[in-house]
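Below you'll find only one chain, the form predicted on its own, shown as structure tokens.
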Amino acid sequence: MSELRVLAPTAILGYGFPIQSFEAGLRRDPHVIAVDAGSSDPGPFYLGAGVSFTDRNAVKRDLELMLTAARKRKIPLIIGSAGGSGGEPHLKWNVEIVEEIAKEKNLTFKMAMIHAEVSPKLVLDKLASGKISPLSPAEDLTEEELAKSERIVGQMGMEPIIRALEMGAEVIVAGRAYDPAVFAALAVYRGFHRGLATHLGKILECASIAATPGSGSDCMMGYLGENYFQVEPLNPLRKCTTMSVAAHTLYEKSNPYLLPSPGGVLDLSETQFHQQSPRAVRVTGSKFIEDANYTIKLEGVKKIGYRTVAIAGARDPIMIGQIDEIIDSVRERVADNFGEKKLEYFLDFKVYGKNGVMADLEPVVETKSHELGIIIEAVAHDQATADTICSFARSTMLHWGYEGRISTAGNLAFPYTPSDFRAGPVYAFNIYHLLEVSDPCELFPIELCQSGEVGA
């Protein structure tokens, strides 16, 4: 095979895509349809709670189009980081949707489920043998911290996906995976250059975000040859430029030349970007340097409490001019009111229109907003305490008597009733470490079945 073609329909499964773009990709006769289904960007809650950050109906809509097209053309469909976070409940959730579509569309295929959730016992054994090291800014992992973990996943490379292809899988639903792996696996399996395949996967993982104007809800086509890869958006409203593709290459990376990945480093020191046509960019020179020891990134979360929030607005310019002092006073009043109860809690005020986005890093000192959006957040070990702190902080701020106040009816405007919302459990990442393995597949068991047999 002189060229391998990869269709990437959307940045994340469930983000959607225009049918016209998808059909344009199918007309280019792809060898594989691949999609990344998850990310750690939405935060630790989804991994800990075992739920998806994408909507089920939206995921099913995307999957129905992809699965039907892949089976009609007898090409693999590969899904990575199933269910958003790639843990066991996320994987089962995604597989359930695949099975539902297969039944409704009368589709039959061999499916591989690649599990990525890692047991604390395994991690403890690896920790004892010195096989775990921290990723900055994480600290050394301790047994005490490990014991607090609610769920741990390993971020697989392309090797488990390649093994599933070797086993004859036609549909692959993988747990937590390195984003480019699902796009590069078939290419490496068929003998293409690993460096170019991985770099192509790095561009395709977010689909048309690498185009201009960029979109995470539109399709991208990748072409991989012996010494190049090429990317092209499938919507005529978009185009790839050397700038847009090079910029996306650096997306979420701290080093512009060396991009770490499972098993090695993508070396871009000799990479070149060429404007092949007005809408397509060709890339050459990317190399993959294998690590001496293969490592897998572990992601783990712990529960730290429960959250309650209140959303309010402020319009009084006198209050806006004193907002920092008012917040400090409200904090002191809350602490004084519950001091004898010795309640443990976290209380925060996010002020949008002042520094709600960047907080202490905000370079603009003077607030010129005519109105502010204020989010009052309370976190405590139990939901009742979080409710108490949020409620008291909200009512105190509502009636706080600041200097120069004219109206006594209330300082805050609430867009909703009830004003306070229970946000439920709060999680934090507590494992962000590298685990050294002797086999890239050892953490990721593969379960092969015929469609319709899962859970039967």
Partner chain sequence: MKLRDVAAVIRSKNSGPFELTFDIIFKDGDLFQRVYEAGVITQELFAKLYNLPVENVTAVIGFSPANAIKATLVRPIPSGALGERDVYGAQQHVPLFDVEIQL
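Numbering follows the first chain given and starts at 1. Just so it is clear, the structure is predicted and the values come from calculations on it, not from any experiment.
Note that the form predicted in complex with its partner chain isn't included here; everything after this is about it.
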Within 4.5 Å, heavy atoms only, which of 134, 236, 321, 256 is in contact with its partner chain in the predicted bound form? 256
Contacting member of 120, 356, 89, 225, with respect to its partner chain in the predicted bound form [4.5 Å, heavy atom]: 356
Report the stretch among 30-38, 387-395, 422-430, 58-66 that approaches its partner chain in the predicted bound form to within 4.5 Å, counting heavy atoms only. 422-430
Is there a heavy atom of residue 304 no more than 4.5 Å from a heavy atom of its partner chain in the predicted bound form? yes
Please determine whether residue 44 contacts its partner chain in the predicted bound form, using a 4.5 Å cut-off between heavy atoms. yes
Is there a non-hydrogen atom of residue 289 within 4.5 angstroms of a non-hydrogen atom of its partner chain in the predicted bound form? no
Can you work out whether residue 146 and its partner chain are in contact in the predicted bound form, taking contact to mean some heavy atom pair no more than 4.5 Å apart? no
For the stretch 330-350, return the residues whose heavy atoms include at least one within 4.5 Å of its partner chain in the predicted bound form, in the order they occur. 346, 348, 349, 350
